[in-house]
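Two forms, one chain: they're shown below as structure tokens, one block per form, named structure 1 and structure 2.
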Structure 1
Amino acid sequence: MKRRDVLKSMTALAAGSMFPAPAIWSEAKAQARNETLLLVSESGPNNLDIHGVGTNRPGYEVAWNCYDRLISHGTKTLENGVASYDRDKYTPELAEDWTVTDTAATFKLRKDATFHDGAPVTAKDVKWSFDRAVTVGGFPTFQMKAGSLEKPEQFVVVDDHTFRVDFIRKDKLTIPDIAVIVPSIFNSELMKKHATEKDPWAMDYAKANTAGGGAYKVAKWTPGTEVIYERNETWKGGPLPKIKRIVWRMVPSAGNRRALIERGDADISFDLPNKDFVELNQAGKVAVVSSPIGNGIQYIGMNVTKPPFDKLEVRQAVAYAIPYQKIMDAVMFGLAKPMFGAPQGAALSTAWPQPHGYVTDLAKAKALLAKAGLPNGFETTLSFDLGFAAVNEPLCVLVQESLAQIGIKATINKVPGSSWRAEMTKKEMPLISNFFSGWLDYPEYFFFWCYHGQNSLFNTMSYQNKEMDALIDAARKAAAEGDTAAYDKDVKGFVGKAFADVPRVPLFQPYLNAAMQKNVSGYRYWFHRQLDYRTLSKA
């Protein structure tokens, strides 16, 4: 599809002119409207288990609302007036109190907390859940490792309501890592009933069933169509939510999602094209909230194990061929911070994200291809997650068009959202458009996930470099020891190396946008970029 066709089709969808927006309140009307919240988004969860293989980002939303963690975060107000989680403030959830020493963190659990089936939450459940997270492998195990949570022996049941984490090293990220989604607490006895010799952690069961004690429970899940939640009336992890029922519908058409929010049928709409958010905000009929996504970057990634992207000159050529400003103007409509065009010779900082020095320069790109021995270019595929097509598709069309001008023929590969994580895990895609944001808002955390030689899921470029690893490891050590001078040196070192080796090309730091009816309140921005239903209410 050509660029003009994509942009024209998106404009038509935004106007809601191609398809009539479906009437989707029929079932929800059984509940009072102010006690039921209707959400619409482009895609939904492919797995209800945060530890599952290939669980996508919508799956995080299920885990966040249906499971509890030991601790959570307080609230602050961003400069734009939007309520946000507070990275530096921790609040009780299942743990009502905790103490941290140089060697361990000890958590005192609520004695009145229960799971959805009424079973009491004990320290045995917490240990089983932490053991599962560090054992199943893949994303959850790597996430735990990011905070030096690595071995079942670290997790100790002191008594029924006391749980201890023994530290294996000094690490600034250990306590923050306990407050993310992965160390959710499972009903261990329920899970064990569904475990088998081949599936000791009941992964098959948890994929389609929740086994938590969070503020909501899944009443119905139809993959690709809807998720219906009901409030857990006995939840003790915080104030009882005001919304009794959540209906989350998957509406693939951006035009339909916009029409539903404009005519008042939907309460909250995500994943709209940025042009729609800008126009909805200008019209003033609904509320639009926009917040820069912390520690997050949209990028073009090149798999360095797939020729010719193993050649530095080819990667640099791609970086100079990207139409940065066109993307900002025609795709993002100002709802992003540019991460390109830093002045030549500008000093690096310890801030992340920060802009690199590449700009659109097709002549330089062609010269670099020639230097790489590819004066006539080459053919490749450019893949993106169809679950987030509102940004990815027009972006990829613009990149495809620009690469063609230097002789690179890129065929666009649209990967269904439910399969994107699985395809990422294979690490076979040579060229991709993707987004990553670090849950823990520290540069060393971002680079541990995306550039470290341990080659995590999110190191989509399969980039491995011993010098890079040493800089990342040293920065983590310096942060733990409070050595500011060493930390600053190491962070600037790994940022500079990332820009020099350019296995991925940062494009922009996007905003997280949501459109909602003006009678909806309590929205809060979270590091996982999904909705927290617990604080929402309707007038």
Structure 2
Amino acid sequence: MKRRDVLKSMTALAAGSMFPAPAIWSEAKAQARNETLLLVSESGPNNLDIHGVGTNRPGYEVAWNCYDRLISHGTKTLENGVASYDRDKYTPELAEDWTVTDTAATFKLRKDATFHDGAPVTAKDVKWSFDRAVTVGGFPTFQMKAGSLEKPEQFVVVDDHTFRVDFIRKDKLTIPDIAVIVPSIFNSELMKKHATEKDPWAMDYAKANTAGGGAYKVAKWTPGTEVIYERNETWKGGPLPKIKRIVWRMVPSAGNRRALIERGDADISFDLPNKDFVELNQAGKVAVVSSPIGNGIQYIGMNVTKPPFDKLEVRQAVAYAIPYQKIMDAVMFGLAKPMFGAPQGAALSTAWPQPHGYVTDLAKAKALLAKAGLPNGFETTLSFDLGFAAVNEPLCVLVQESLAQIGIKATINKVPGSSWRAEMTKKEMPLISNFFSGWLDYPEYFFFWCYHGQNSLFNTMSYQNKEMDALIDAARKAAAEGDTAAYDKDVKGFVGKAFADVPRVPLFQPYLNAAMQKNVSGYRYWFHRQLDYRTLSKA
């Protein structure tokens, strides 16, 4: 009998630890809860420095909220009622005023702005930060170059509170590029203290420390686990944010992220599967905000240097064989903007992205294959980035199935996220499913990276065409000179050419979705697709 008692007490013990009593919130905790925001996402930052080597997307979020830029963007309301940044309106951040001429832009800095350690923000800090961005190489230097910001000599300290950027050429993208995350302003004195001979730009220090003057500072960072922010009480770059403390936890399981938001434990969650966003929205317990990702397209790319994709008819056959609507329904659950099936004879517009004229028409696809001399189809490999499997895997299975019906046997190749970039660089993959979006929301910017004959990394199709290059270059020139008529003609020209030659088949423009509790307000869509904490508040 006694043995049974032992057993009983053991199971009772196990049961006790299995079913803990529901948590009881104390008064103080309830108070803290109102001023604290809990974010959950799949992965967290790997580096807090926007100029760092390989800083990932969550790292952009830290840089955006913990550093200030000279200028920022205003707010507008999108068609669907979502608040968004305004591409065409600039607002002061560290600069209170600025003037732009044909040869230079001059910024007047705020006199009361300070860094987190109390040091005043001066033009010296701005120059040091710009110099760093164009010197360290890799992504930041590249991004600066996109706005013709290339040499330290371009950045001039006029006096303590006046900073000038001299143009090396006229470029419409220069001012937009000064408002992206890369030209964040660093505390140069603090950084110099941590610089060494081997590391003159204090890359090591900035990796794990925020040396800025932004609205938030990182109080604690445990890589892969959490980031805790405290509000900067002396921030001058805008109205003081409402949220005092932000806890950002990494929750790898998508199911758990949904459970957390549905049960009201988490305040905001990005990166849920589309299906969850649609269902959460319908259930109505939490608010779901969706906005199309600017200048972003999910596409099927064909490498034109890999036969038989060098043949136009084969590429058109693939474009006619893709099950567009099925993908919209079963993969995206309707939560995307279709980029296919433009009405016959519809005029091209200068908007980008815009739908092309291809639809699912297997008979036509078969005929085109026969015309290309491949009536029995061929074998190929369809690759995608495993890091984005939630969308890519079902999408590729549907494409694979549909291609099989016209005789194209595609084997699906899942490429681990770490190798995806390397594979893209090699330009060996014949057929891929991929997504690209540009920070700067201009068609010529997108085409310069994705279709231009300079054959950048994002021209995954290795597409090279003299006519196309001429049109893209002409559009960039027309934009800089403000020649709208020529610009419109050139943009319509390269869009039309991209659709006719079809080296890549646009599928849809995805949405950026965020699920949040109903008492959270002030969400804004940004081109960098990360969260801006400064406008958020919690009732």
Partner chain sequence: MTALVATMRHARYVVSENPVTGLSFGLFLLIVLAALFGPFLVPHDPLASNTTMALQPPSAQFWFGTDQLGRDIFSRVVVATRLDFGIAVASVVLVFCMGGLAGVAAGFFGGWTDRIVGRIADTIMAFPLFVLAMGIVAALGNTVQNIVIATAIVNFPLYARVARAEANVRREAGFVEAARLSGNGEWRILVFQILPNVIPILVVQMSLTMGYAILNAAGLSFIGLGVRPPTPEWGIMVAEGAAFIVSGEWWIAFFPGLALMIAVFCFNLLGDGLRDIVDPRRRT
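When a residue number appears, read it as a position in the sequence of structure 1, where counting begins at 1. By rigid core we mean the largest C-alpha set that fits within 1.5 Å across both forms. What you are looking at is a predicted structure, and each value in this text was computed from that prediction instead of being measured.
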{"item": "Correct structure when looking for the form predicted alone", "value": "1"}
{"item": "Core fit, then Ala317 C-alpha moves 2 Å or more between structure 1 and structure 2", "value": "yes"}
{"item": "Core fit, then Asn256 C-alpha moves 2 Å or more between structure 1 and structure 2", "value": "no"}
{"item": "Displaced residue check between structure 1 and structure 2: Glu96, CA, 2 Å or over, core reference", "value": "no"}
{"item": "Per-residue CA shift, Gln344 (Å; core superposed between structure 1 and structure 2)", "value": "8.8"}
